[in-house]
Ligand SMILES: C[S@@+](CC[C@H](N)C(=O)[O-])C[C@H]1O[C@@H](n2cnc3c(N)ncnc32)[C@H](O)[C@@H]1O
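Shown here is one chain on its own, the form predicted alone, set out as structure tokens.
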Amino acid sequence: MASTAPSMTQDSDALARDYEQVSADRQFASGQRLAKALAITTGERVLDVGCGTGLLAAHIAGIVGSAGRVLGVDPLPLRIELAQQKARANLSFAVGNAYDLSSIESGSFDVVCLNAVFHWLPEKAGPMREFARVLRAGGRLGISGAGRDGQSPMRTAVAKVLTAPPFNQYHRPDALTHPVEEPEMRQLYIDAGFDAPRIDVHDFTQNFASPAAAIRYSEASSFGNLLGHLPEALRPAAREAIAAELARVAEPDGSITRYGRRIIAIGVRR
């Protein structure tokens, strides 16, 4: 399982800054919907796991107010550095990950949320138990993320390019992400000590102005894993080849459209 986990060493200052920009109207927007579905209120204590550069955590800090508190954790130090710039009295950040929340006291949060994070976790049962541990009885766990959505244009283009010479000389994990569907998600909640969750599955569309914009988004969102297995000298050629493949399926205005499915799950700790 560990062999298919995404690398945490491919991130860079440029990618972290890119993510701050490209996630603002994508991941952040879905995170706002998750926060609304969780019905977060004034005075609550919220843990944002996989907080990235802190946009959602800062939004939630505004909801809980001075009587509440928000902690954002992320395994990528460069993204936490950007998040720290948003810190305030009721909002803090730390380097950390879903597999080890041992520094957090049991039962110390009212809400745990993961936005655009869960599909990056190869093994999910362990993290789910950790989320249950840090929540008080009656606390809520909210997860929003991608479902299995078949072959997106980007995935198809990347697979075609990276399985051809010279790029196929370099090993790449078979799968960077590990999404689940509704039955699996429901069972993960129940096994970890939550009531059967409320699950909403809906279709979504992502539009990118150009092949280059789609590639930029994918590199930043994957914290460098999209092409991180290639020697740096080969990456520009790979981007060019992927852009050429995407151009074949572009809309008449040159934009790229991705259709997918998103899962939002809300469960209460028993």
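This is a predicted model, so every value here is computed, not measured. The first residue of the sequence shown is number 1, and the count goes up from there.
From this point on, the text means the form predicted in complex with the ligand, which you will not see here.
Participant: Residue-level question: is residue 8 within 4.5 Å of the ligand in the predicted complex, judged on heavy atoms?
Facilitator: Contact with the ligand, yes.
Participant: So in the predicted complex, is the ligand close enough to residue 223 to count as touching (4.5 Å, heavy atoms)?
Facilitator: The answer is yes: residue 223 has a heavy atom within 4.5 Å of the ligand.
Participant: With the cut-off set at 4.5 Å between non-hydrogen atoms, does residue 49 touch the ligand in the predicted complex?
Facilitator: Taking the distances in the predicted complex, the answer for residue 49 is yes, it comes within 4.5 Å of the ligand.
Participant: So in the predicted complex, does residue 179 come within 4.5 Å of the ligand, heavy atom to heavy atom?
Facilitator: Close contact is absent here: in the predicted complex, residue 179 is far from the ligand, nothing within 4.5 Å, heavy atoms only.
Participant: Within 4.5 Å of the ligand in the predicted complex: all of 208, 215 and 259, by heavy atom?
Facilitator: No, none of the three is in contact.
Participant: Only one of 159 to 167, 184 to 192, 120 to 128, 103 to 111 gets a heavy atom within 4.5 Å of the ligand in the predicted complex; which is it?
Facilitator: Only one stretch passes the 4.5 Å heavy-atom test: 120 to 128.
Participant: Among 147, 139, 75, 197, which has any heavy atom within 4.5 Å of the ligand in the predicted complex?
Facilitator: When the ligand is considered in the predicted complex, the option within 4.5 Å is 75.
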